[in-house]
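Shown below, as structure tokens, is a lone chain in the form predicted on its own; questions about how it binds or moves come after it.
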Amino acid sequence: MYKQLTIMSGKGGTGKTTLTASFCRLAQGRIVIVDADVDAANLHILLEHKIEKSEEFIGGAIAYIDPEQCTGCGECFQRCQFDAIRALNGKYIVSERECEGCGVCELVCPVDAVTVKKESVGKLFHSITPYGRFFHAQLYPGGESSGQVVTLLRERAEDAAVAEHKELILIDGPPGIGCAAVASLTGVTKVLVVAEPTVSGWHDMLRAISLADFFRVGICVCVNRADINPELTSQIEQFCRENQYQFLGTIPQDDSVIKAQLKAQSVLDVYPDSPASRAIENIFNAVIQEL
């Protein structure tokens, strides 16, 4: 059976995707990769990849009122629970921003002027990388259903892991604690929370840990750019030990990481002997032991 590891953080910019890309290199040949940050996917930038297949994701539904058929009776307006229907020149229109696609307006319209239409909210991609199969997506601007997209990506990855006898599904989780984050960590083997030693980083690390705790997922923690605030880094480590979260180590501030990103590669691909690369490899080995 394969294991599943989600790398997540409570905020953006902690180095989560950079760490995931480096883990891909270290685990190459054994993994299936998922980018669960579907609202602002960027793991594909650091991974050499070739898209083999794409598919439209049909998400939420939107109601449409045909102005030629609408008689202005107001039945849909009275029944809408989301204040998504407005009167205009004696007839009614639907506000796409408020519409939840529940379909009540279609059911109650006496002249069949309302149609609830499914719409494409993004694309899913099946790619191949030097490290393993890669499943990622991009929601269109304003697209919703991010949690459903992540769930579908994970299902695709699980099928691939079974078919190809892979040991690990590596998931680059989204920042924050919203629907996509929930969908990226439920049922996984372990969560690795990437923290940063700042006041906001501390606060958002606690949010990520609280979410993983709620779903009873095993938690590991590492600190990126640890030397920018050694005192707070020590506090994070102490907090983990007191609360029985596995503290796996620290990654120093290292310019080689930025230089590698400018080349659209992971730091291990370009600077394998840098301080950051050595620290990342130690954390990778530690989390594999935890799995």
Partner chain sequence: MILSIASGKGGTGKTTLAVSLALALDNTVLLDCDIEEPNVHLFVQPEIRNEQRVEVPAPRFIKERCTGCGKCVEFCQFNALALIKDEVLIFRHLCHNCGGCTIVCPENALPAEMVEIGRLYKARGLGGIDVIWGAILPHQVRGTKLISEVKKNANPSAITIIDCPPGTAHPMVKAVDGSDFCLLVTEPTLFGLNDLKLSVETLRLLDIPCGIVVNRSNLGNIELIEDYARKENIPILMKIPYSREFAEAYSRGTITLAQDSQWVAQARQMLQTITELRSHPQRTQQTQQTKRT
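Please read all numbers here as calculations on a predicted model, not as lab measurements. Positions refer to the first chain, counted from 1. In this text, rigid core is short for the largest set of C-alphas that superpose within 1.5 Å between two forms.
Absent from the display: the form predicted together with the partner chain. The rest refers to it.
Next item on the list: Tell me, please, which stretch of 205 to 213, 163 to 171, 128 to 136, 187 to 195 lies within 4.5 angstroms of the partner chain in the model of the complex when heavy atoms are compared?
Entry: Contact criterion met by 205 to 213 only.
Checklist line | Triplet 45, 79 and 98 all within 4.5 Å of the partner chain in the model of the complex via a heavy atom | finding: Yes, all three are in contact.
Checklist line | 109, 221, 177, 94 - the one with a heavy atom within 4.5 Å of the partner chain in the model of the complex | finding: The option sitting close enough to the partner is 177.
Note to self: Taking the partner chain as it sits in the model of the complex, is residue 229 near enough to touch it, meaning that at least one heavy atom pair lies within 4.5 angstroms?
What the structure shows: So residue 229 counts as contacting the partner chain.
Check: Could you tell me if residue 240 has a non-hydrogen atom within 4.5 Å of the partner chain in the model of the complex?
Finding: Residue 240 lies outside the contact set for the partner chain.
Item checked: Partner contact for residue 89 in the model of the complex: the partner chain, 4.5 angstroms, heavy atom -> No - in the model of the complex, heavy atoms of residue 89 and the partner chain never come within 4.5 Å of each other.
Notebook entry, point to check: Quick one: is residue 41 in contact with the partner chain in the model of the complex, heavy atoms, 4.5 Å cut-off?
Noted result: Contact check for residue 41: yes, within 4.5 Å of the partner chain in the model of the complex.
Margin query: Checking residue 86 here: with the core superposed, does its CA move 2 Å or more between this form and the one not shown?
Written below: Superposed on the core, residue 86 moves its C-alpha 2 Å or more between this form and the one not shown.
Check: Honestly, after the rigid core fit, is residue 198 moving at least 2 Å at Cα between this form and the one not shown?
Finding: No: residue 198 shifts by under 2 Å between this form and the one not shown.
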